[in-house]
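One chain follows as structure tokens, the form predicted on its own.
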Amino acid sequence: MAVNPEFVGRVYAPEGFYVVAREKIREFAAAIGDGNPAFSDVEAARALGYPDLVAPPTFAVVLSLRASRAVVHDPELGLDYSRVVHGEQHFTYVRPIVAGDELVVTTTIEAIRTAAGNDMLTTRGDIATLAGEPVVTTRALLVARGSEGES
């Protein structure tokens, strides 16, 4: 196994914070083709009870991907990122992400295993406000494809 299994449980502290901007929510909604007015019109979002634009549920991937760079580029982990494909993604929300949120992500390696010559790495991203209020937890499965001839 190329990926070091001793990294299970390793925690990567937040590297700065992310300010959720209205335009980023609008751009993300447009990119995924979701025309829900709560993603683009402040008054529509407020009519639904949100303080500002609400982000689509998958918007959290923007933050978790930025934070996961610390994991995938950790030379001691031994992950060959050139062989990585994204296997799965899950989101568990405490509350929606809204414009104006200032968020941090703490990333944890939850599991490492090998199957059919492929290394599989599960990460968890705990996204919270600067004050520590939990917002969403993301889980991602990264698969590092084995080289030909490996099993």
Partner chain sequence: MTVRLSEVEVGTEIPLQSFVIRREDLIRYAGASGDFNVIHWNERVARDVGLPDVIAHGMLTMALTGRTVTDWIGDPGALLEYGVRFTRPVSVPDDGVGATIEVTGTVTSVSEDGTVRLSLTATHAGATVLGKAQAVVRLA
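Here the structure is a predicted model, which means the values were calculated and not measured. Positions refer to the first chain, counted from 1.
Omitted from view is the form predicted in complex with its partner chain, to which the following refers.
- Put simply, Asp34 is close to its partner chain in the model of the complex: some heavy atom of it is within 4.5 Å.
- Its partner chain in the model of the complex comes within 4.5 Å of a heavy atom belonging to Glu27.
- Contact annotation: Val54 falls within 4.5 Å of its partner chain in the model of the complex, judged by heavy atom distances.
- Taking the partner from elsewhere, Ala99 is found to have every heavy atom lying beyond 4.5 Å of its partner chain in the model of the complex.
- Taken together, the three residues Val8, Tyr12 and Pro75 all stay farther than 4.5 Å from its partner chain in the model of the complex, as judged by their closest heavy atom.
- Out of the listed residues Val42, Ala70, Leu65, Ala111, Leu65 is the one that sits within 4.5 Å of its partner chain in the model of the complex by at least one heavy atom.
- Of all the residues from 70-93, those having a non-hydrogen atom no more than 4.5 Å from its partner chain in the model of the complex are His86, Gly87, Glu88, Gln89, His90, Phe91, Thr92, Tyr93.
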